[in-house]
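The chain that follows stands alone, in the form predicted on its own, written as structure tokens.
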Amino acid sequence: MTDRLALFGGPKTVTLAQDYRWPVLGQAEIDAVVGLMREGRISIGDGSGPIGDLEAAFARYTGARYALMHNSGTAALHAAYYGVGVGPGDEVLVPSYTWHATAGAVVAANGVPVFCESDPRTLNLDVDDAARRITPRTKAIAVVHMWGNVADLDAVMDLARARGLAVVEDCSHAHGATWCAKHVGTIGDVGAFSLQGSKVLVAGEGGMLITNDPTIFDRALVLGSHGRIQYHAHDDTVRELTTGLGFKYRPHPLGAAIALEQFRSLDVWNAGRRDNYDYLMTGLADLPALKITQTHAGAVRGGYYGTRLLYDHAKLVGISRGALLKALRAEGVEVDVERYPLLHLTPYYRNRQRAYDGYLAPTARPDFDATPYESGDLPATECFHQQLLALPVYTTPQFPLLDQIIEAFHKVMSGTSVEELKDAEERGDPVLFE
């Protein structure tokens, strides 16, 4: 290996092909879809066929009593919030660092998302900060298992029980993850999973709600699963609500058929992603400027929807994240900044009054805090968000490629390369700023 950075004319470090295309669809998925098409079963409203089969498989796998498929993870989240009783003016504690559906589904249920800090050690909800934001209007806590890393569910459940709050687990990144040997989604009151085409378990588009509570299941049915309410609701009075509430969240049977076939490989794919992730993190652990997210004792990651590291520029003589990215990319590393914005600083949520006026009826809206969110309101989250590095997820064994990626990080972040990169940044070298 030469110390000369590729950015300044040295050889690239990463030369192996990086093939992480996803999803992997084979003949079994094709046959399942074509079989349904030949039967003319391209719309199933009663939850039978592959939809019911997938729900049963999901319930068995996670240990949940009930599973209800939806047409998206967003729909499953809406049903989860409605299922636990979120209504007009109810506040839900939500991390600002998450995909927007976690908060958007609260608004769809006529609730008010209250944004909280995330812990930079895990990138998950800071439970102590969430506790400080509880008011008499708080109804639920939304906990997200970011990038497959399980949140501190003991702390979340302790807080929820002490304050009488429901817990909604957003498990969209974390299929197969566990907490103390229990699958995520079964520890809180209700769990919601995305089966969108980039997740480890795919239906193309789809979602799954799981719960052990028949009342939550019934409410989720009524919200958007008309056509099967009269067959699957537990409460007799609920069975009479055959029209539902006007939402149509029924899934596509072709997507269910795909996911049912994919389910057979879920544990194998998770194991492959886990091996690659652990190998990469072990190889980068000795670089002081990189922080690797911690996993709580008793937690097993799953899903591995993304790979995230934190870069502390102060520990690399102040080299900016932008300069570091340029150098790593020149070496052949596919690395980027975080693609999720912080929700409290997005235009829709930043102006709280404008965000909720269109959803909460004036007679129902409580006197909630309408002060606009501003930069600095969630300082810990805003700080680590500027440190995040995003890397691809590798499912099949990729150790030779990972060796080159590890070597590239060490090359850029060690020895004379650091001095060369710092000097180039200080003199405004065009190669860093073009």
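Since the model is a prediction, treat every value here as computed from it, not as a measurement. Sequential numbering from 1, following the sequence displayed.
One more form of this protein exists, namely the form predicted together with a small molecule; it is left out here, but the text below deals with it.
- Contact with the small molecule in the model of the complex, judged by any heavy atom within 4.5 Å, is made by just one of Val156, Ala257, Ile319, Val144: Val144.
- Out of the listed residues Trp99, Trp269, Phe247, Tyr279, Trp99 is the one that sits within 4.5 Å of the small molecule in the model of the complex by at least one heavy atom.
- Among heavy atoms of Thr74, some come within 4.5 Å of the small molecule in the model of the complex.
- At a distance threshold of 4.5 angstroms between non-hydrogen atoms, Gly206 is in contact with the small molecule in the model of the complex.
- Residue contact check for Tyr348: none of its heavy atoms lie within 4.5 Å of the small molecule in the model of the complex.
- The small molecule in the model of the complex comes within 4.5 Å of no heavy atom belonging to His183.
- Between 308 to 316, 100 to 108, 285 to 293, 209 to 217, the stretch whose residues reach within 4.5 angstroms of the small molecule in the model of the complex through a non-hydrogen atom is 100 to 108.
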